[in-house]
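Have a look below at one chain only, the form predicted on its own, in structure tokens format.
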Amino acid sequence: MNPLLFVKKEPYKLYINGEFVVSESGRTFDVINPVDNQPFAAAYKGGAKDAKKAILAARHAYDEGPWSKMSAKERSKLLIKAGQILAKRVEEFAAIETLECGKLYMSALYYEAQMSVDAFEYFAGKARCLEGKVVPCEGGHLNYVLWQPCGVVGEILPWNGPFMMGCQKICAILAAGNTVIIKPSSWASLSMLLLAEVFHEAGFPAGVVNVVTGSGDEVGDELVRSPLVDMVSMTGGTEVGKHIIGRSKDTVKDIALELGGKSPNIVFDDVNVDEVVKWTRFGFTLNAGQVCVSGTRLILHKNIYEEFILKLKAECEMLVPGSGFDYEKGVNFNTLISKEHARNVWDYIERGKSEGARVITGAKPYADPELSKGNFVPPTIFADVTPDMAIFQEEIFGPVLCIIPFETEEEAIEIANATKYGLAGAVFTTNVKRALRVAEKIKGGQIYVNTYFSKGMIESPGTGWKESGIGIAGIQKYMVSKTIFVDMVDGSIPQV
């Protein structure tokens, strides 16, 4: 296939108030393929003025337009229609996601694109099942609780999975009855600009969905600071999340933050080593380690320590790096998103060496000159890591694994919880009672037992603990509760 056939020759436009528009500044930016760091497309770069226009459009669509007047059934049908349109374009979206984010095409097509379509179907159903509750109270009174939309939502998306995560979040926002301004990452904007075409074709009213590219300093800050935006949701790094918390203080708006992780993977000595080695490799190398819940800290029982490490080394060295479109050549390991991010990962690798960790594999660039054009970092394993090392404590967001030995269950749990993060974690053991004990004691919002990664991403989303996030997950993240008390007694008066 030639993926460039899916790429527009003219710059991709912003989507504001039901129209595809040039940015106020008229500026564009190059869209880079991280496999070779060459531009393959261009898009208009939004700014604060564009964000303000989008906010006004979303505000009008929510307050005065048809969206808030639509029934849940009507919103549901629009989501179903949009999902059907998207399903016919999955090859295009998968190709664009692979070109822009350096992903594996088959993974983008057969997993991420399918999950994206599924988000429309799931939340179309969810829109019609948003129930409140009746609470028993004093006789003669009725108390009921409603869940209502926040209003105008600013959604700031990450670059590591913009298509799939974007669809999941936007569909939840719309199913809840909100309008939205989407700010995609500057490193990965195209899938959301394309998705605007899907909503447009499906007939969503003007202003309900808006997409504005641009920097966090301009577009993101405008969403956070504006009193016309009721809620801001962001998925990204913890430091950016802290910045948003500070910027939101003047409006005290609702914020939901899905932030960084440094997830532990605890492996006991009663496991089938060959099987768990594969899960461990998968847990830290999927999407070249650019997954927030990656299992980047292997807490390994000392009785199987060296055997496991040798087999894991061999497993990692079988991975084949390259362009995500070269699946027929066996490519199954992708590049990082950008030169800047790759430099940051390499800095951590050098730091691990200087801290005295034992290098098992990786830790040096590929020799292939074709790979050197891109941002490839080989799977890198450090053994004999200690909790005081930066590579143990800090999120690297690349294919870098830190291994630390343990002897007792209590020691494993203590090591697992010894960072500021609490996003995810895993435990591998054949002892069911121990598995449940450990899973309960790991401080994280999503735990895997004898597996890795979620099997119900939409149906059962995790929440971030500690510095890994703020706010609940799922559709109610984008809603607020209201409790109503009704006196049903004729002629009642206050009792003194």
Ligand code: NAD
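The numbering used is simple: start at 1 and walk along the sequence shown. Keep in mind that this is a model prediction, so the values were computed, not measured.
Although it is not shown, the form predicted in complex with nicotinamide-adenine-dinucleotide (NAD) is what the next lines describe.
Contact check at 4.5 Å (heavy atoms) against nicotinamide-adenine-dinucleotide (NAD) in the predicted bound form: all three of W159, V224 and L423 pass.
Although the partner is absent from this view, G83 stays clear of nicotinamide-adenine-dinucleotide (NAD) in the predicted bound form, with no non-hydrogen atom inside 4.5 angstroms. At least one heavy atom of G260 is located within 4.5 Å of nicotinamide-adenine-dinucleotide (NAD) in the predicted bound form. Not displayed here, nicotinamide-adenine-dinucleotide (NAD) is kept clear of R75 by more than 4.5 Å at the level of heavy atoms in the predicted bound form.
When nicotinamide-adenine-dinucleotide (NAD) is considered in the predicted bound form, G324 lies well away from it, no heavy atom lying within 4.5 Å. Note on the partner interface in the predicted bound form: the residue among R89, K126, H243, K311 having a heavy atom within 4.5 angstroms of nicotinamide-adenine-dinucleotide (NAD) is H243.
Out of the listed residues P184, G398, G283, G374, P184 is the one that sits within 4.5 Å of nicotinamide-adenine-dinucleotide (NAD) in the predicted bound form by at least one heavy atom. Contact with nicotinamide-adenine-dinucleotide (NAD) in the predicted bound form, judged as any non-hydrogen atom within 4.5 angstroms, is confined among 173 to 181, 402 to 410, 231 to 239, 96 to 104 to 231 to 239. In this stretch, 273 to 293, the one residue having a heavy atom within 4.5 Å of nicotinamide-adenine-dinucleotide (NAD) in the predicted bound form is C292; the partner itself is omitted from this view.
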